[in-house]
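The chain that follows stands alone, in the form predicted on its own, written as structure tokens.
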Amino acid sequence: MAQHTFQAPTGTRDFYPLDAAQRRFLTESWRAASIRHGFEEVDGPTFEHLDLYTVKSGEGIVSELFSFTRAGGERTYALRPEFTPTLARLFAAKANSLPRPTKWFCTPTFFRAERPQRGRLREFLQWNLDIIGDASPAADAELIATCVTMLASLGFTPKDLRVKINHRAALAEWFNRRGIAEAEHAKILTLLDQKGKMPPGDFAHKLAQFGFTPEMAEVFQRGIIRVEIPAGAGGVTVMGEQVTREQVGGAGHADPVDLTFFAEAVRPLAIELAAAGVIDWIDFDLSIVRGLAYYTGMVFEVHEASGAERAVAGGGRYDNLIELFGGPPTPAVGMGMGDVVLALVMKDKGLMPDEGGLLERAGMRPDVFVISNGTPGAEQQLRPLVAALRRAGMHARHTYKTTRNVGKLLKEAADQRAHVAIIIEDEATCSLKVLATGAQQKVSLAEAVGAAKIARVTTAPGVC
């Protein structure tokens, strides 16, 4: 019979033990930050009815999905490309019995039928956070603060990553003040969303079609504006100084860009972000618009300070979505963060733990590796001791090799990054060795489990 060679589908990944440990490390980091901030975990089906996605995004999204019809069936399904429609469906189904606000998170697998490239795969993990039923700037700030908590737990600082915030409603108000018809707003937002892919001159030329001067195009290119946060008599500033008519767009221009209204729109959010202790991570940036049409207010993305990678995370306020799925009018704000870009940025900055660290954080490092010296009495006690250690709640392993050479088996224990090795000497005694230090003691087999627990505690991270 002919042999066949198979590979994983394009844009997917195989997770060998170390890869799975990295995945576990990231998902547990997401989960820990979510729970610390009071979010509750939810999930939904891996596939949904196709029209759940077309209702929100239109028929054009179908080409971006993995959709299928069951043989003999009539309904068309799609593997989930995001969680927001499922979340909206879940909330709408029980809207009258859920608290306000409802704070949910999940860390599932998603699928998108797009061309794989650096930072983007067809199958990926994503952290989703949503606060439903609270329209206040405090909810926006809490969502962003949860994101920052997670990033800081991984070792990032504001010098590494910036949370760039814009306000879609404030932009719309600016467009209205300039006499731009609402039908044109979406075209301008699309242009702003694509500006990073075109030369500055082309961007300015296309923006001029909507009545914007080159100075205004420069404001969008530069992006960051300054927002003052009053705090007592002295005040606190973001990005150094207050927004004024003269400072934004450049003093002396014939058509200065007045963004004082924008500062007023985002000032309540800035005050809440300062109260949450994360204001040093924040840039108010007009260049962030987010491509999705359903955002109604604050939008944000997390970018490397250097701008090297695509966005690490993104989200915003979507106050009209729940009712689209049959629920009552309900304000909401949410975000998503994929594991692919996050892992790339962590590795680039040297923040991804090494093999031992990943296995430790994923709970995959053995507490104890049990070795028999090969004598009949020791062989007889090997499996009972391993079983006793496991009943005591410890991660215990032993070799599956035929050799009983203690030196080789100690090397195997070290290769598996075990914390402690127990070498059974005979039917009554054993030697317990802390592999990190080489410290060794003899104990009776009756004392082995207790002694191993004590030795394991001394090797725990942070214990001297």
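Predicted model, so just to flag it, every value in this text is computed and none were measured. Residues carry their position along the shown sequence, with the first being 1.
Form predicted together with the RNA: not shown, discussed below.
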Contact check in the predicted complex: 67, 89 and 377 versus the RNA, with a cutoff of 4.5 Å between any heavy atoms. Do all three pass? no
347, 391, 118, 383 - the one with a heavy atom within 4.5 Å of the RNA in the predicted complex: 118
In the predicted complex, the one of 42, 32, 410, 52 near the RNA [non-hydrogen atom within 4.5 angstroms]: 410
Would you check, heavy atoms only and a 4.5 Å threshold, whether residue 295 touches the RNA in the predicted complex? yes
Using heavy atoms and a 4.5 Å limit, would one call residue 9 a contact residue for the RNA in the predicted complex? yes
In the predicted complex, does residue 197 have a heavy atom within 4.5 Å of the RNA? yes
Give a yes or no for residue 401: in the predicted complex, does one of its heavy atoms lie within 4.5 Å of a heavy atom belonging to the RNA? yes
Taking 4.5 angstroms as the heavy atom distance cut-off, pick the stretch from 209-217, 274-282, 74-82, 152-160 that is near the RNA in the predicted complex. 74-82
Which residues, if any, of 270-290 lie within 4.5 Å of the RNA in the predicted complex when only heavy atoms count? 290
